Ligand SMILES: NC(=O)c1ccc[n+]([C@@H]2O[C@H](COP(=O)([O-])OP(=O)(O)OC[C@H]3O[C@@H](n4cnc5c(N)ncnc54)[C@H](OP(=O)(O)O)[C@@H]3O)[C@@H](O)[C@H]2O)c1
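Take a look at this single chain, the form predicted alone, given in structure tokens.
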């Protein structure tokens, strides 16, 4: 659906910042939603090279009609230096992916990678409180998801990663923030878990190896993905064959949009 917003001097402006910029999806999602909900706002892609980030933020502070932004690589960490307030998830993850100016032009930022994933799971009817979870991967998105899972009352989280030291570092960080949640590094063996989450890039390409051995799955388990394209990755297909419930990657993105919109001052239904 293409946005046909009428831009005027009263239109509130939002942005999506990145370098490079051609791949960003946020404007193509937000603009139809602005139109659908009758909101006089527009989101535009903003190509911001890293060396110009400080001047860029200074300029935005001086623009009263600029409301906020989605933040992608390589700015998720360096932009924190210029924020006036960072939410709990952003502090824990050590990176932010959205920000907005308040009425005093203070820049408020947070990270919704993890909360978007958890919200998507819950909206689909998948309970995670008191569940045992295996997460495969310990990269940027995995880090955010791990903290959000722990915050959601799971009973146990095992983290598997190709580089074990990376998994161990994430385990230590989550355990420190949520001492009542049992967290440990582990091999990618799904036996004994209620939920298995693939946060790796394995599945983007047809010839990728599987993140776990589907022969070890059983029909009582939920297998979740964060990859959006292809919609049904090889591990999801294999899990369906076993009889497992599956959860696609798209809801994570959709719920991130809804969470960002709230900081921007709007409520979007998913």
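What you are looking at is a predicted structure, and each value in this text was computed from that prediction instead of being measured. Residue numbers count along the first chain shown, from 1.
Form predicted in complex with the named molecule: not shown, discussed below.
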200, 158, 72, 115 - the one with a heavy atom within 4.5 Å of the named molecule in the model of the complex
200
In the model of the complex, the one of 185, 87, 140, 153 near the named molecule [non-hydrogen atom within 4.5 angstroms]
140
Look up in the model of the complex whether residue 226 has a non-hydrogen atom within 4.5 angstroms of the named molecule, and give yes or no.
yes
So in the model of the complex, does residue 176 come within 4.5 Å of the named molecule, heavy atom to heavy atom?
no
Contact test in the model of the complex: residue 166 vs the named molecule, heavy atoms, 4.5 Å:
yes
With a cut-off of 4.5 Å between heavy atoms, is residue 105 one of the residues that contacts the named molecule in the model of the complex?
no
Just to confirm the contact call: exactly one of 28-36, 43-51, 57-65, 226-234 touches the named molecule in the model of the complex at a 4.5 Å heavy atom cutoff, so which is it?
226-234
Is any part of 238-270 within 4.5 angstroms of the named molecule in the model of the complex by a non-hydrogen atom, and which residues would that be?
249, 252, 253, 256
